[in-house]
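What follows is a single chain, given as C-alpha cells, in the form predicted alone.
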C-alpha cells in the first residue's frame, strides 16, 4: 500500500457563520485578482444594478469632533458613483484616452480582516481592510491603505455588491490621479 493510499480524508464541520466567511473571502480574493489582472468588465459584474460606490473624504479633526472626520453621503466626497458611472469609468479606460492610465498601472490588491454580519432580507454587511500597491511608469509608486464596508446581496445565486464605502486612511491623496479601483 502506497503512502497516498493510506491518507485519511478529514471532514471539517463549520458553523453557518464560518461558512459565510469562507464564501465571502473567496469572493474578495476573486475580486482582487480581477482588478489586478485588469478584467474590469468582469469586475463590474460583481455589482448590483443599483450599486452605490462611495468614497468619502477624511478630515483631520480634534477628538471631540470625531463625528465630523468622515464626510457623509451627499457632501463633498472623492467618489460617489452609481452603476452607470462605474461603467463609464471602466469604458473610459478602454478608449485609450485615459492618459493617466496609458500605459496602465500595475496594481496588487491585498484584502483581509474580513468581518461579515448577516442583515435582514438575506443581505450581508462585510467589512475588510485593504492595502493596494500601484506602480506606474518607472518611478511612480503608491501605497493606499484603508477599509471597505460593503452590503452584499445574492442575485441569481451569486454575491453582488449593492453598496461599497471605501475609507482611505490618508486624508490627503498625494497621487497624480485616482484612476484605479479600490
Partner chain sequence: MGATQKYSIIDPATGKIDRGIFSDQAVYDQEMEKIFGRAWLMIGHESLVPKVNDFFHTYMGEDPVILTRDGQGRLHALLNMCRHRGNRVVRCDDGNATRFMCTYHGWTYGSDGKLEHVAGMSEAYYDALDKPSLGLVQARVDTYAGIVFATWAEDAPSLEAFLGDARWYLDTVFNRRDGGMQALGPMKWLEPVNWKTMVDNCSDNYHVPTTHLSSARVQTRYLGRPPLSHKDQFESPNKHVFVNGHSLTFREAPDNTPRYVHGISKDTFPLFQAYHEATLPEVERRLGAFRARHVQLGNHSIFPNGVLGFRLALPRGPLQTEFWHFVLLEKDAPEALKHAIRIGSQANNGAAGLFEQDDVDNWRQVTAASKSRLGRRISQDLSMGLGHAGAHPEYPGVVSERYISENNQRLFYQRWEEFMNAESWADIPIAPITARFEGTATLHG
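Fair warning: this is a prediction, and the values are worked out from it, not measured in the lab. Residue numbers count along the first chain shown, from 1.
FYI, the form predicted together with its partner chain isn't displayed, but the following is about it.
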With a cut-off of 4.5 Å between heavy atoms, is residue 25 one of the residues that contacts its partner chain in the model of the complex?
no
4.5 Å heavy atom contact, residue 68 to its partner chain in the model of the complex
yes
Check whether residue 158 has any heavy atom within 4.5 Å of a heavy atom of its partner chain in the model of the complex, and answer yes or no.
no
Check residue 145 for me: does it contact its partner chain in the model of the complex (non-hydrogen atoms, 4.5 angstroms)?
no
Non-hydrogen atoms within 4.5 angstroms of its partner chain in the model of the complex: do 84, 91 and 137 all have one?
yes
Using a 4.5 Å heavy atom cut-off, which stretch among 55-63, 116-124, 145-153, 26-34 contacts its partner chain in the model of the complex?
55-63
Going through 61-87, which residues have a heavy atom within 4.5 Å of its partner chain in the model of the complex? Please give them in sequence order.
61, 62, 68, 74, 75, 76, 77, 78, 79, 80, 84, 85, 87
